[in-house]
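Coming up is one lone chain in structure tokens, specifically the form predicted on its own.
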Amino acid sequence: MNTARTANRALPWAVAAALAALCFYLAMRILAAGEWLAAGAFLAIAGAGFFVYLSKAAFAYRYLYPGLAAMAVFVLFPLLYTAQIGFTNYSSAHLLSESRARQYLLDQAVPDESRLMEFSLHADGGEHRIALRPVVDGVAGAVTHASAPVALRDGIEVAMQRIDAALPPLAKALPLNEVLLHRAALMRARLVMPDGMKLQYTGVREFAPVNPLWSAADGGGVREASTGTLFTPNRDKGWFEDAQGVALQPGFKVGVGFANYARMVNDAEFRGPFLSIFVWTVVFAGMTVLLTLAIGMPLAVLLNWESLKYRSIYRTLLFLPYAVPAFISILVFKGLFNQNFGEINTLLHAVFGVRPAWFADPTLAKVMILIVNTWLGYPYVMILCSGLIKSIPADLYEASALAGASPWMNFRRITAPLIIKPLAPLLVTIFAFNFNNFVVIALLTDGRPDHLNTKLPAGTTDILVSYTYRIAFQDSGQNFGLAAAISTVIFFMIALMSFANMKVAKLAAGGK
């Protein structure tokens, strides 16, 4: 009985020890991959989990831990990781670590064409033999070397022997299509000649010795084999450079401090488009709020008019832009605004004789974006205002009617004052959403037309989030470090808006 009780008590601790060992192993593997931040975060979350579920003092947190851990993994860690990238030069030219970039250079080699050997593959039972023929002036001679039967697998070394040695005769050579089935193993194989020279796979039918282009040098540098030029690592810029400053590709990732943030302020050629895009982002989000409010609120008031016939039909029709997926509406509008074939320009040409260049003129492109985004957004504001109007006591309107007030007076003195306070935090939310409204920009104009004479491609209709996307993933050299810095700035802007939203909501509720 005591033995069974002891075993029952020991089992949870044994399971916990096994899980701890597994977590430590996974953390070490993550650390070995160079992801120290991810390894630290994983250990912190795992350690907190063991403390919460094994300690009686943290019993109350057992129900909160899954949610907190999920928030740390899916919210906090991506945020910290993005912010960390913003302090580096991480880009398409600086993807690797210094050690991996150095090893990439040291692995570069060229085949020695003067000692090229043509090979053939011969089946021998369940294994294979490799035969070599020297190539002279592009013509392969007779077989001079062959191997014993070997099992082809990755990374093997095959000893080659002269054909005059005591070797069994070769079977018929395999056709090319069967040779290609073993191409992966042949590419990683090394053929060792009797004199010790090693041959590598250099073509569909060829093996040859290879000459390395670079050799290792002291101080973590590399030396060019043909010229002897020394390239040392510049750990400020992330390149291997020679004495004249000539850099080698690929570069490597290094910390650059606040250089990406300073570039937003100090680099005049970057600051100009960046500030222009920032101003347009604020104008775009702000004008969207004003225009959707200017359309949505009057429609809500109108649809709440009891004497209006067919209100349900109107309400359904006016709600449709919100019910249709946004990307479909945007692509439809993109066709409607087409300069040569769009229906909008066809009507304008028929009435006024003009065909505006909606996608080529920066001002017209911005007007077009605001029109489309207002169409997509007004139903949401209309629904919000309709719900708020329903909460207004009917007694107020009845008293107003007895006093002979006009509809405009009702709206100005009753409806607007009573709905604007609860509506204010929702308008801040709409502003924050449109501040990062990537979809409408990407699908409608893709940020174009572009600014001219800029270091990084920047569109006149880009907002910050679409500009960041272009820097990170499109035509700006995939500058992940700079994009991460801009993303961090956007995060703090949205955080300030959220803080303002909470303040506005508190004031709307009557708090201080």
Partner chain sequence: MAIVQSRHQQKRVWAAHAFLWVLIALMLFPLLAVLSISLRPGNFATGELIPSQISLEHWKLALGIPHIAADGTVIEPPFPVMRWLWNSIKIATISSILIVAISTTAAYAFARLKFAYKDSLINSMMLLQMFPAVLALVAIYAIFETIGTYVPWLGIETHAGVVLAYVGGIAMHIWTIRGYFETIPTEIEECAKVDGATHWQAFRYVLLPMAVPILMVVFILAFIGTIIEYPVASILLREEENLTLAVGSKFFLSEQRYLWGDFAAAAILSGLPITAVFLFAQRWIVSGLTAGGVKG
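None of these values were measured; they are calculated from a predicted model. Numbering follows the first chain given and starts at 1. By rigid core we mean the largest C-alpha set that fits within 1.5 Å across both forms.
FYI, the form predicted together with the partner chain isn't displayed, but the following is about it.
Asker: In the model of the complex, do L308, I328 and F480 all reach within 4.5 Å of the partner chain through at least one heavy atom apiece?
Answerer: Every residue of the spot touches the partner chain in the model of the complex.
Asker: Consider W214 of the chain shown here, and say whether it contacts the partner chain in the model of the complex, taking contact as heavy atoms within 4.5 Å.
Answerer: Result no; W214 lies far from the partner chain in the model of the complex.
Asker: Is F352 close enough to the partner chain in the model of the complex to count, meaning some heavy atom within 4.5 Å?
Answerer: No, F352 stays farther than 4.5 Å from the partner chain in the model of the complex.
Asker: So, D154 and the partner chain: in the model of the complex, are they within 4.5 Å at any heavy atom pair?
Answerer: No, no contact at 4.5 Å.
Asker: With a cut-off of 4.5 Å between heavy atoms, is F77 one of the residues that contacts the partner chain in the model of the complex?
Answerer: Within the cut-off, so yes.
Asker: Could you work out which of V192, I383, A123, L176 is the residue within 4.5 angstroms of the partner chain in the model of the complex, going by heavy atoms?
Answerer: So the residue touching the partner chain in the model of the complex, by this definition, is I383.
Asker: Using a 4.5 Å cut on heavy atoms, which of F319, F258, Y104, F411 is close to the partner chain in the model of the complex?
Answerer: Going through each option in turn, the one that passes is F319.
Asker: Heavy atoms within 4.5 Å of the partner chain in the model of the complex: which stretch among 115-123, 319-327, 198-206, 129-137?
Answerer: Stretch 319-327 is the one.
Asker: Quick one: which residues from 331-355 get a non-hydrogen atom within 4.5 Å of the partner chain in the model of the complex?
Answerer: Contacting residues: L331, V332, F333, K334, G335, L336, N338, N340, F341, E343, I344, T346, L347.
Asker: For F42, does the CA position differ by 2 Å or more between the shown form and the other one when the superposition is done on the rigid core?
Answerer: Yes; F42 is a residue whose C-alpha shifts (by 2 Å or more) between the shown form and the other one when the cores are overlaid.
Asker: Under a superposition restricted to the rigid core, does H349 display a Cα displacement of 2 angstroms or more between the shown form and the other one?
Answerer: Yes: H349 shifts by at least 2 Å between the shown form and the other one.
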